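To begin, one chain is listed below as structure tokens, in the form predicted on its own.
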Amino acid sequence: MMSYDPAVYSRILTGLTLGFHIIFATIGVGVPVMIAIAEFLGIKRKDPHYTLLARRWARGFVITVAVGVVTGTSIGLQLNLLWPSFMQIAGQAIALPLFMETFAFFFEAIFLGIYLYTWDRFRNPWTHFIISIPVIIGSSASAFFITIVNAFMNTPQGFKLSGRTIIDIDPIVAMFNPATPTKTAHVLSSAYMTSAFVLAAIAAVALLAGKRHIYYQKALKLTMVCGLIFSLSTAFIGDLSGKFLAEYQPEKLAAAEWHFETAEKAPLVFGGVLGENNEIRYALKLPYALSILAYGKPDAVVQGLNETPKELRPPLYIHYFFDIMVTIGGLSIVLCIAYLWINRKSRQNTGKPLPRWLLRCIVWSGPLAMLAIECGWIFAEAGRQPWILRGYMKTVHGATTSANVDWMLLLFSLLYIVLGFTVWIILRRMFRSYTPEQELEQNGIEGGPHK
């Protein structure tokens, strides 16, 4: 049995909360974009199927927002309860982005309420669409400001530390630290991408179940096109993130790639296992790829992990989380291209249905995209270890010394189980009891099965 260590339990509880919250935070950031795109197409093309997509996605979105509020509040609570020493030093520097994140959420919530209760209330449908824009701004701004806090933890600046007292604080400099551009861009783009694949998976499930209504086909095409666009943008930003790590957190990049010796023309290591003396076995090595990722040049010198003292090295298991994240991202791009190609051929063959293997792959793309998000955050957080505030405070020194964190872990675990189960039941009943076909018929909208 593990001996009681408040720092260890604090890390487990914080990781559990972030891991659960990120599911709803990702959907909360990405789905408003998809809703707005669907409504835009519905108005632009005078196509009621896209408008119905926006309506139904918005209903489910509200449920996930409600849970996101609970888990987001839990994170704020745990920051103060579990990491008091960290908040004592860093709290003043990150107070501004935390306040702005709260403001952005309220901004989003106000316009979301207006958006939901003003369907069909305006003569000009573009008026309703315009209301979706503040919702997108609020949700994305909320993610932007909270990610700034994480960026600050990786590259802290904008203050001086005198003993355990923080002085000469410049909150703007602290906010816009070197990690901010790539971290915020990567979080936003990956949230849009993941939400597109989650919605695509839902449409693919319906098509696999034999529902051939054109509503589902339009939903699948829209989400897969968006999935391709956001996947490509995420890959591009991921490349920029690699270059950021090479300059500001070389030990993190080296640990992720099992790159121990400083060398030029460094290969990128995929998979494999570590043997004695950090010997890499069974791995796929891509020549020059790590040098290109780090500096954009195949002959660039990449710093090895041996340059970092052993007590300051990140855990080497982050290599696998990095590989999983990158693999899923690459496969997502391939899947979208395959879908668009096959779908085009199917339409040329007088509406031949999509092959079931392709639909099954799309169904898996939703949970796999969410898995990539989880792996990305584990890589980001574990890769910063042993620091909670890089260069200033180690994680073990920022944790509480309370004797009750294990009980908090149990109670919050039960809360998340209840919340997850409740959301699943509500969404399942909400959409199964009132299908798109029923809603189309009730509203007098034509558009039967695709022929």
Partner chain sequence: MNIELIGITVLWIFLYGYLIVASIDFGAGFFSYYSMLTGRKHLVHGIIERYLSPVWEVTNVFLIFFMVGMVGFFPDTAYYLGTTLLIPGSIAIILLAIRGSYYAFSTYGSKDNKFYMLLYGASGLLIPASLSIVLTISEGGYIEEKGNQVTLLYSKLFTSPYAWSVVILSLVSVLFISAAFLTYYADKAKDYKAMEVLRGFALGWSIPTILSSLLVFFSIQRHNPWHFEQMLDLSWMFVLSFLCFMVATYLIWHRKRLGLAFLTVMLQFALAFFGYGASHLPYILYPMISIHESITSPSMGIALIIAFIAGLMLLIPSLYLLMRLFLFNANYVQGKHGK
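Positions refer to the first chain, counted from 1. Keep in mind that this is a model prediction, so the values were computed, not measured.
Keep in mind that the form predicted together with its partner chain is not shown, yet the notes after this line are about it.
task = Could you tell me which one of 241, 140, 74, 249 places a heavy atom within 4.5 Å of its partner chain in the predicted complex?
result = Spelling it out, the residue with a heavy atom inside the cut-off is 74.
query = Though its partner chain is not shown, can you say which of 113, 367, 355, 296 has a heavy atom within 4.5 Å of it in the predicted complex?
reply = Of the listed residues, the single hit is 113.
message = Residues 82, 408 and 430 are flagged as a possible site; in the predicted complex, is every one of them within 4.5 Å of its partner chain by some non-hydrogen atom?
response = The answer is yes; 82, 408 and 430 each reach its partner chain.
message = At 4.5 Å between heavy atoms, only one of the stretches 205 to 213, 99 to 107, 262 to 270, 310 to 318 reaches its partner chain in the predicted complex; which one is it?
response = Looking at the partner contacts, the answer comes out as 99 to 107.
message = Contact with its partner chain in the predicted complex for residue 49, defined as at least one heavy atom pair within 4.5 Å: yes or no?
response = Heavy-atom contact with its partner chain at 4.5 Å: absent for residue 49.
ask   = At the 4.5 Å heavy atom threshold, is residue 93 in contact with its partner chain in the predicted complex?
value = Answer yes; at least one heavy atom of residue 93 falls within 4.5 Å of its partner chain in the predicted complex.
ask   = Is the gap between residue 288 and its partner chain in the predicted complex 4.5 Å or less for some heavy atom pair?
value = Answer no; every heavy atom of residue 288 is more than 4.5 Å from its partner chain in the predicted complex.
ask   = Could you tell me if residue 118 has a non-hydrogen atom within 4.5 Å of its partner chain in the predicted complex?
value = Residue-level check for residue 118: yes, a contact with its partner chain.
ask   = Quick one: which residues from 394 to 408 get a non-hydrogen atom within 4.5 Å of its partner chain in the predicted complex?
value = Contacts from 394 to 408: 400, 401, 402, 403, 404, 405, 408.
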